[in-house]
Each structure stands twice: as structure tokens, then as C-alpha cells.
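There is one chain below, alone, in C-alpha cells, taken in the form predicted on its own.
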């Protein structure tokens, strides 16, 4: 009996980077030696938002959620002994994508590789940043211009590069249903490709190459049959869209090309060992259907909901992929879903729903206008609110979180490290020292000339990439590149999306009872109770803050929420001016200790040291204890799903601060 011919496996990656370029390089080379076939670079928040490591806004954030890259020296250290002419590298970077790609090209050139050899992807989907991760810098129009410039430049000069990853992944993390994920991702693709076409940088005869280099980065949740159908729907809709709207005739150019990281939103802090089976099942959604199979897969580690994964945890995630690809018979067969009426019906329902939602976006003028008006953000907040309320009610069951909560103590989270890796506090100081040393040895005149060329290019409308690569070679830093463009394009604050109608849960008996007590307490203290929800630092993941703001408003609190990336000074000033009764901080980047210290310092300066402060985020128990010792009144993590209970806690903290007895709300 002949052995069946096996398909080639997908690219296998782990999303990683931390502390420093040198430490991350060692991790990359270790992972490659274990059978990883591509790199996926995580950058820290200062790099993603265009700040040097010594900028005041970078305090506490350096090296926490990724690797800090401040200049070409850092980039050379990151890829030391890794030949870029042979590597396939994905870089999760958006607002500063042009800059990081310029650094990557410059390092490759110094290694002796030509840009034409380079293979990989820049995420470079800035529009979803206004809706989810929040690492945008500039207003939408100049941001789309930068995206357009990268696409035009790479199609001409780096033909094997994927210049943008349209990210439905982060839309799902922000609450999108599969229908919304399809609609908003494809609407984003339309906005981007229309902008490339209208820029005139690529002629009609070459536009098919643009279509062929557009890739997607998708999410796969636990409902793996529905996720399989979603990916088949993506393929159908993309094929039709690119043929009808952009005239792409080649089937190869119209192929839906995507990479995936399976869902992190559904990973739980409670009974985290259950995350292993969740990850494996979610991987099936993007691998079972050959016609809709991912081209690259990266899996989160089982302990991502607890903190930063260790190398061993990342190895475990890689081995999951390898077992599926090399031990099972998955790659020996054609598409096992072809001909299924159940699958066909579900795909049709998703296509019909997404098509209708795309029409609503187009009625507003397209995706950019729908973002600026706040329409898309409101839709996502509404969907995420409905999901969280379903978990809270128990209608959506999450094992270990709202059902089957009894558990044995896990040996995986024992030990001195509690099952996660912590970034050495010295990493930030050492990175700043390297940055200062780099600045001291460069040619200042060459740097000024390169920045002047960059500014002239930005004002004049020419493609930004050649000037950026010139800056990279000259020794310009990430902060200098970004500040030059900030001075020209300005900065932006996106709509928060919390101005949505109250749902049925706001009219439940418990919510009504809480609202009664909130109103009564307001009468006792002499004015309505007011909460300030603040996100200090550079972390832009705002789901938790938004849900607390929506729930607080629904139970009668007045809410002050100005969105992401606030300085501690801004939070203290707003607390003073708005006369708030309690401050809720949200920090998910691991910099909670530093942020709390800074906020308390600023509150003391404005005379508000007695205002109770609570915090939510991915906070290990040891850090939670330390925060309480420093004055934090309560710490909430993703396992705290009883939103009504949190509101009662907050109410009683306000009552305690005003010397009133606590109330019980059943």
C-alpha cells in the first residue's frame, strides 16, 4: 500500500520578544533550533507607539510586552546570527511599521542581503488599532497614507514581503462576532486597497500584485466548526471582492492568504491548565479545512492569562503544532468539509450577514469614516458587553470560570516563579544606557540631515520608505522618527464606544437594587457618585475599562472615561476637576507597580490621596498583595466576572471613604 502524499506544513511561529534585543535574539535562536520555521516579533509598547525608552511615557513599559527597538543597533542585535535573506519574519507593528521595516531592510543590507530576498510580514493594519489594541499615533488619514506607502514600496522593491496583515484577530478580541469580524476586516481591506489605487503609486497593470500581497491575521475561537466556516466564508468573499472590485484575474493572486494566532480572549486565569485543550481545539478551526487552512500559525502559551510565558511554555505551544502536522494524518487528505450541507449553510449565513454589515459601513463612506464616527467601536463594545453579560449570567459557560469551579491545586502554577516569567527590573535601565551610548557615537549632522529629508518627504507626499531607510542607516531613533511625523501629522484620540444603549441586564432585579443603593449613597454624600476610569501608560487594550464604564453607568454611577494612554498627571487632574469619588485603573502590560506608584504620587500633589483607588489587569497574586500594601483598595483580574459584585465593592469602598456603613445587595 502506497503512502499518501502529504501537504507541506504551514509556517510555525511563536509570538515572542522581551527585555532586550540580546535576550530576544537568544530566545529566537533557541526556538528555531527546536523546529520553529518562522519568527514572530513582539515589540514593547514604547516601540509600538513611537517613543524612545527614556521618554517619560515609556516609564515602566520598556521590554514588558515585547522587545524594545530604539535604533539600528538594537535591530542588529535582535537578528544577530539570523540571516534575514533566508528567514521569514512577521513583525506585529502598526503605527511605526514603516520605521521598523526600514530598520529591518537596513540590517538586511548590512548583512549583505538585498531587499528582493526578504520574506515576511509587517502587520501594518492601523485601522483596527483605533478599535482594539490602541497603538495608533496619528489621525486616520495620514496613518492610511503610511500604510499605502509601505504597500507601494514593497510591491516594487520587496516583492516577497506581505506589506500588511489585515487583522480580524484583534477585532474578535475587542468583541466582534464572526459576522462582524468578516465585515470589518474586509471593509478595512477595501479602504486600504482603494487608498493604494487612488495614490497613483501603482498603475492598473500592476495592481494585481497589490492584491496578491495583501494578507490577513485572523483569530480562531473555541467554536471550531463556526470558525472553520468563517475561514471558508473569508475565502469566498475575498475571491469575489478582488475579482469584481479590483479586476484581479489570477486565481493565485486572489487566494485568501492568512496567518493565525488562536484566541487569547478565551484563555482563563482560573484553572489555566484548561487553556491547553482550548488552544488545541482552536487550532483545528484553522487547519481541518484544506481550502481554508492557515499559511502560518502561532499559538499562545497556556499561561498567557497569568503573565509572560517562559521559554518552556512557548516550546509546549510549538510542540502542539508539530504533533498535529507530523503525527496525525491531517495533511494527507483533501478538504474533508467539501460537500457538507451543514457547512455550506453556515458559510452562506456568515457571508450574507457580513455582506449586509459591509453595506452599512459603505453607507457611512467606508471604514475610515465609520471609525471616525464611532459606529464600529460602538458595535464592538455592544457585542463584547453581550458576551460578558452572558458569561456573568452563566448562559455562556467557561469551564473553571463560571462553572465546574472546584479544582485541585495545579502543579503548573507552583514554584518560585508562579508559572510565569517576570522581566528583570534592570532591563529598562540597561536599555536606556544602551540608547544613550548609541546616541553618543553617531554622526549628529548625518542624523539631522536624514530627519530633514524625512520631514520634507512627509510634507511633500512622496513615499515615506526611502527617507525612513536613510534615517535607519544614519542612526535616527524610534522616538526621533515618530516625533518628526507627529509634528507634521498631529496626534489623535479615538472614540471610546461606551455611549451604547443599556441592555436587558441593566433592568435586572440585582442591577436595579444596586442602582437604588448608588442613588441613595449619592444623596447621603450630597451629590451623585462619580467614577473615573483611567488607563495610565501606553497599554491600549481597553475592553476591561470599557466594560466597567458601561456597567458603572448602567447601575447609576456617573462615569468619567477619556480613553487610553493617559499620563498619571492627566488622571490626577481629571479626578480633581471632576470631583470623583473613586478611581479605577486598568493596566494590562505588566507595568502596574510603576503606574500605581506614579498615580499615587500625582494624587498626593493635588490633595486627593484619600480618594480610594482600585485596579484591574493581568496581575499576579504576589503583585496584588504588594499593591494593596501600597494603598490600592481592591485588585481585579480576568477571573473576576461578577460585574454586579464589582459594582457593590466599589459602592462600599466609596461609603467607607465617607464613613458610611457598608450595604449588602443580593
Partner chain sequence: MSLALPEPDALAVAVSGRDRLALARALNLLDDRRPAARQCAAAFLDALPTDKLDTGGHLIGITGPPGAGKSSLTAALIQVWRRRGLKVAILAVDPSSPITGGALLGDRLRMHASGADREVFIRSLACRGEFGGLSAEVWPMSLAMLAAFDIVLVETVGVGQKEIDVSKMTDTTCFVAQPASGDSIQFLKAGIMEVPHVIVVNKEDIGMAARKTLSELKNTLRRQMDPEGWQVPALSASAALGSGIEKLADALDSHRQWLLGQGQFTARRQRCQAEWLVKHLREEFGRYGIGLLGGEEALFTALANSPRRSPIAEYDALRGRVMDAFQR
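Note that the structure is predicted; figures quoted are calculated from it, not measured. Numbering follows the first chain given and starts at 1.
Omitted from view is the form predicted together with its partner chain, to which the following refers.
*Asks:* Tell me, out of 300, 540, 495, 115, which residue has a non-hydrogen atom within 4.5 angstroms of its partner chain in the predicted complex.
*Replies:* It is 495.
*Asks:* Among 570, 209, 364, 444, which has at least one heavy atom within 4.5 Å of its partner chain in the predicted complex?
*Replies:* Checked against the cut-off, the match is 570.
*Asks:* Would you check whether its partner chain, in the predicted complex, lies within 4.5 angstroms of a non-hydrogen atom from each of 523, 577 and 608?
*Replies:* Every listed residue reaches its partner chain in the predicted complex, so yes.
*Asks:* Choose from 82-90, 545-553, 405-413, 420-428 the stretch whose residues reach within 4.5 Å of its partner chain in the predicted complex, heavy atoms counted.
*Replies:* Heavy-atom contact with the partner occurs in 545-553.
*Asks:* Is there a non-hydrogen atom of residue 528 within 4.5 angstroms of a non-hydrogen atom of its partner chain in the predicted complex?
*Replies:* Output for residue 528 is yes: heavy atoms within 4.5 Å of its partner chain.
*Asks:* Is residue 38 close enough to its partner chain in the predicted complex to count, meaning some heavy atom within 4.5 Å?
*Replies:* Looking in the predicted complex, residue contacts with its partner chain do not include residue 38, since no heavy atom lies within 4.5 Å.
*Asks:* Taking heavy atoms only, is residue 515 within 4.5 angstroms of its partner chain in the predicted complex?
*Replies:* Because a heavy atom of residue 515 falls inside 4.5 Å of its partner chain in the predicted complex, the answer is yes.
*Asks:* Wondering, does residue 620 line up within 4.5 Å of its partner chain in the predicted complex on heavy atoms?
*Replies:* It does not: once its partner chain is placed as it appears in the predicted complex, residue 620 has no heavy atom within 4.5 Å of it.
*Asks:* May I ask you to list the residues of 644-666 that have any heavy atom within 4.5 angstroms of its partner chain in the predicted complex, in sequence order?
*Replies:* The stretch touches the partner through 657, 658, 659, 660.
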